[in-house]
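Heads up, the chain below is alone and in the form predicted alone; it's given as structure tokens.
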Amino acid sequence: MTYLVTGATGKAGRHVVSHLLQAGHHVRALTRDPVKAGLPPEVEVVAGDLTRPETLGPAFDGVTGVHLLTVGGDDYATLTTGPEIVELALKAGVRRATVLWNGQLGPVEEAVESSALEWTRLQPVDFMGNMLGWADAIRKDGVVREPFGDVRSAMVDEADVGAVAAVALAEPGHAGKIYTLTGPQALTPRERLAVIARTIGRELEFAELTEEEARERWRRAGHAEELVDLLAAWQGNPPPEAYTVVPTVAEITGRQPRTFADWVGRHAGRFA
């Protein structure tokens, strides 16, 4: 069987690819720039852009299941091409889909969940990998400047998201399920910085930004206002699901989710 992974070079996508390969499946990876994909040689890498459905047709040929993103483009805007993507998948005979949401329901989820596909929606509360955004500041002057320093998040290791996606794609019993995915702890940004400090053996400082300062920084980074609002709401006043630890990763994969300390240990060199 062939499984198509969109966003295959992203934080979670690389792990979806890895776990499918480990289970012995043939993996086709969709990326806008195959030359820069950097995926294992056994992966079939194809070019395509989710924001341009006319580029996707060949990618679905012979595919049993597809892992779908809900954002596209350099600005991470919500994909509006869900209906076209689903139509292509169904015409090609795709049976299953995992959908990685971006914090809100959009056209991809709506199209998939109203179709004949056996779908599973994956809802990670936040990726531990997003903490790599702190790496430059930590290496430069040991000061992290972020808003909402005391708001907890049960962020999940993206490797665990990839493991759940691979199981849901390749094994029966997950159709119509919505899986909230968390790590084993809910930590504040200050607490996460303390874990990084202990791991790399340096004193680090957390300098808290106001919400408006954070919004302006996100705008300067080129984020659309929709994403700025989403970031502010999710980080500043998250729903209970964002900080409530749930056992989904263990239930689906058969092993406990990785801790934030585990994640930092694997990426310590990026912060040192």
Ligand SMILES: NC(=O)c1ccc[n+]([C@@H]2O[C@H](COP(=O)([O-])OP(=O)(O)OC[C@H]3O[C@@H](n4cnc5c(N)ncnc54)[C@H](OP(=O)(O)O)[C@@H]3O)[C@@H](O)[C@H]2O)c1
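Just count from 1 along the sequence shown to find any residue number. These figures come from a predicted structure and were not determined experimentally.
Note that the form predicted in complex with the named molecule isn't included here; everything after this is about it.
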### Message
By the heavy atom within 4.5 Å rule, which residue out of 187, 125, 111, 138 makes contact with the named molecule in the predicted complex?
### Response
125
### Task
Find out whether any non-hydrogen atom of residue 147 is located within 4.5 angstroms of the named molecule in the predicted complex, and reply yes or no.
no
### Query
Are any of the heavy atoms in residue 63 no more than 4.5 Å from a heavy atom of the named molecule in the predicted complex?
no
### Message
Is residue 163 part of the interface with the named molecule in the predicted complex - any heavy atom within 4.5 Å?
### Response
no
### Query
Can residue 73 be called a contact residue for the named molecule in the predicted complex at 4.5 Å between heavy atoms?
yes
### the named molecule in the predicted complex: contacted by all of 2, 42 and 98, heavy atom 4.5 Å
no
### Query
Thinking of the named molecule in the predicted complex, which stretch from 24 to 32, 217 to 225, 236 to 244, 199 to 207 has heavy atoms inside 4.5 Å of it?
24 to 32
#### Entry: Contact set, 42 to 71 vs the named molecule in the predicted complex - heavy atom within 4.5 angstroms
48, 49, 50, 51, 69, 70, 71
